[in-house]
Every structure is written in structure tokens, then in C-alpha cells.
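This document opens with one chain alone, in C-alpha cells, the form predicted on its own.
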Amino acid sequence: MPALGMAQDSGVIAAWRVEAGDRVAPGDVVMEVETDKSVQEIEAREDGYIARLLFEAGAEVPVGEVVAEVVATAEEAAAAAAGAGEGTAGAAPGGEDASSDSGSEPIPAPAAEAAPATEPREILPPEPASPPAAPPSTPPASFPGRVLASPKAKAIAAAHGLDLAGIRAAVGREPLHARDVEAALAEHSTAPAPATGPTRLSLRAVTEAGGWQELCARLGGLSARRAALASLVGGAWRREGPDTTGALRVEVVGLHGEPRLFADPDRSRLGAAEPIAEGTPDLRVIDATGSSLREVEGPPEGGADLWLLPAEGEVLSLVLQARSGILNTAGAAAILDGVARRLRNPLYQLL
């Protein structure tokens, strides 16, 4: 089980993409692993054939535990599978070979099955502290009361009050992806869109700001702070927001000083993005953390505005506003959650 995060001590095998006997090569996806932050695909690191899968889908496995074995040839994989399923072959009751003639000397059964010519090679290299636990005979799809789903799928379901367990029952598989929740939302939505009149969307979130404040202290100047803020917000928008053709433009506005416009700031090192002279922003970020503002009302000035407001202690209040047609509620919730994660821990930008 690989370590996919700094504080991760275990992962859930969301799904296997291979079976015993399958051939794999470096780059082939062999399984999906869920942590508390994401569902990620894990690739093979060697050529060979799958000999054994040591855990079933839905099992929570400690980091470093061996989850599967791969051998060099298909024959070795078949022998490993046969050895695991049959034990000692060819021995009749009483210890005599069933194929022996009645008049010949009985051939003693072997004391133990011969080991394969080539030792199995692990797909993942960590060294386990103890032998892997035997998988359950009839494992559940997931732990009781728990539904395996991507972070974006969870955010959409939470924003609309949808039951992930009900969606899992309808879909018949795990992990759930954003498209599964969006399809369920479309089926349950019966309210017609308003024919006329301006509409807007406004969502609010709060997040701990210790990681963001520490980053600002390291960066120092206001210019680097604005570039870093544009990078973090741009990363959440690009991952969770609508498809953007060409450059992604993020404008950062403070209560003092001139606005700064950045093109693709999420593709630069934090604090290193250079502002551009002109362009239409896809998103405006208003940094009001040094003010006395606590509430924001009224429509956004641009297509979408994200406000950073001070709250209590090391806590920030985030308000995302968007005009009709720019974002739907699910998309806005996913973006807001992504920004909150990055401000709480800027290293999330690297995932």
C-alpha cells in the first residue's frame, strides 16, 4: 500500500483493475486507492503476471503492507494460483498416490509443495512488518455505513443533500464519481429554470488559515502573496471548475493597491507567477482579510467573485458569488472546497 499523503497511515482498496493471471507492464493501472482526500489510480512498476491479490476491494490496508504479487511468467502465476487453491495435489486419503497401481510400492506424498523457480516480485516495494492478513471470505463492497466516492462526488452530494448510499445502490458499484452524482441529481431535479430575471449564486465556507498564514510569512512581500493566492485559487478552479480554453486568468484585488491579473498562475511555483498587463479575468479574488468586513451582499462585479474575509482567530471566511450560467451549485461547492483545502494546507496544491 503506497503512501499518498504525508499524514496517511492506511488506504482503502476502492477497486482492483486486474485479476490473478493478468499480464501487467509499468504504467498499467492495477488498482484504485481511496484516502481521506482522494481516490487515486496506482500503476504497476514491473513487467510480469499477477500471481495473487492479497486483499479484496473494500479492505483498509496499512501503508507499507504488500497487497499483490507479480511473477515473471504465466506458468508461475498459474502455479501460484493452483497452490493457493488446492494445497497438496495428487495425494489420496491415507497418504498414497491415487494413480499408483495396487501392486507397486506407495510413493510418499511430498512434505511441502515445491517453491516456484522464481520468487514472486512485489508490485509495490514496501517491506511489511508482519505477514499480510488473510482476506475475508465474503468481503463487503465497503465498510458498514461508508460509501467510497471521489472528493468531488462527495462535495456535489453534500451541496444538494443527496444520499450517497442510495446512489451506490442505483449504480451498483464503487467508488462513485462526480458523473454518477450529477446523473442522480438530474434524475431527481424537477424544478424548471426561471424564464427571465437575473439570478446569482452565493456560497460560504470557513477554513483554518494556519497553513496560508505560514506561507505568507515565508513569501514576505505583497506581490508574492497575491501571486500565491492566485495560484491556489487557480488550481482549485482548473481542477473543479468549468473547462477553460486557452489561459486561465485570475485577478487578485486588495483593499489597497492596484489589482493584479495572472495568466495560468497555478502552473507556476507558489508566489512566483508574474502579472500580465491586460485581459478579462475568469475569476476575481478579493482579499479582505485585513479589514473589518464580515459579510458580503450584492451581485458579483465579474462573472465570479471569491471573497476572503477574516473570521475568529486563525480562521478565514470564504464567499463565492457567481452570475447565472457561470457556475452551478455543485461546481461552485467543489471549487470552494478546493480553495479551503489549499488555504488550510498549501501542499494540497501539489496533489
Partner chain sequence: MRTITFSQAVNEAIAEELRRDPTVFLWGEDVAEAGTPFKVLSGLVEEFGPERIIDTPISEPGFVGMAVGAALTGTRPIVDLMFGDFLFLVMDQLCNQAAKQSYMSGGKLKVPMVLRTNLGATRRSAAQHSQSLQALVAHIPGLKVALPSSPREAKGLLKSAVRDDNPVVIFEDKLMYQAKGPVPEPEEEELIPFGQANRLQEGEDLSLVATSSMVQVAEEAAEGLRAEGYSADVIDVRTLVPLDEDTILASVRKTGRVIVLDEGHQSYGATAEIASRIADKAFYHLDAPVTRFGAWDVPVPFSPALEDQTVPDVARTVERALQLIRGEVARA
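Just so we're on the same page, rigid core means the largest C-alpha set that superposes within 1.5 Å between forms. Numbering follows the first chain given and starts at 1. All values reported here derive from a predicted model rather than from experimental measurement.
Quick note: we don't show the form predicted together with the partner chain, though the next part is all about it.
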Which residue, 236, 248, 148, 228, has a heavy atom that falls within 4.5 Å of the partner chain in the predicted complex? 148
Identify, from the list 77, 155, 184, 232, the residue with a heavy atom within 4.5 Å of the partner chain in the predicted complex. 155
Indicate whether the partner chain has at least one heavy atom within 4.5 Å of a heavy atom of residue 175 in the predicted complex. yes
Flag residue 188 as yes or no: does it have a non-hydrogen atom within 4.5 angstroms of any non-hydrogen atom of the partner chain in the predicted complex? no
Test of understanding: in the predicted complex, would residue 218 fall inside 4.5 Å of the partner chain by heavy atoms? no
Considering non-hydrogen atoms and a 4.5 Å limit, does the partner chain approach residue 200 in the predicted complex? no
Within 4.5 Å of the partner chain in the predicted complex by heavy atoms, the stretch out of 176-184, 250-258, 276-284, 204-212 is 176-184
Does the distance between the two CA positions of residue 153 reach 2 Å or more between the shown form and the other one, the core being superposed? yes
Rigid core fitted, then: does residue 168 show a CA shift of 2 angstroms or greater between the shown form and the other one? yes
Comparison of CA distance in the predicted complex with shown form for residue 338, residue 178, at least 3 Å: farther
In the predicted complex, whether the C-alpha atoms of residue 294 and residue 155 sit closer or farther than here (change of 3 Å or more): closer
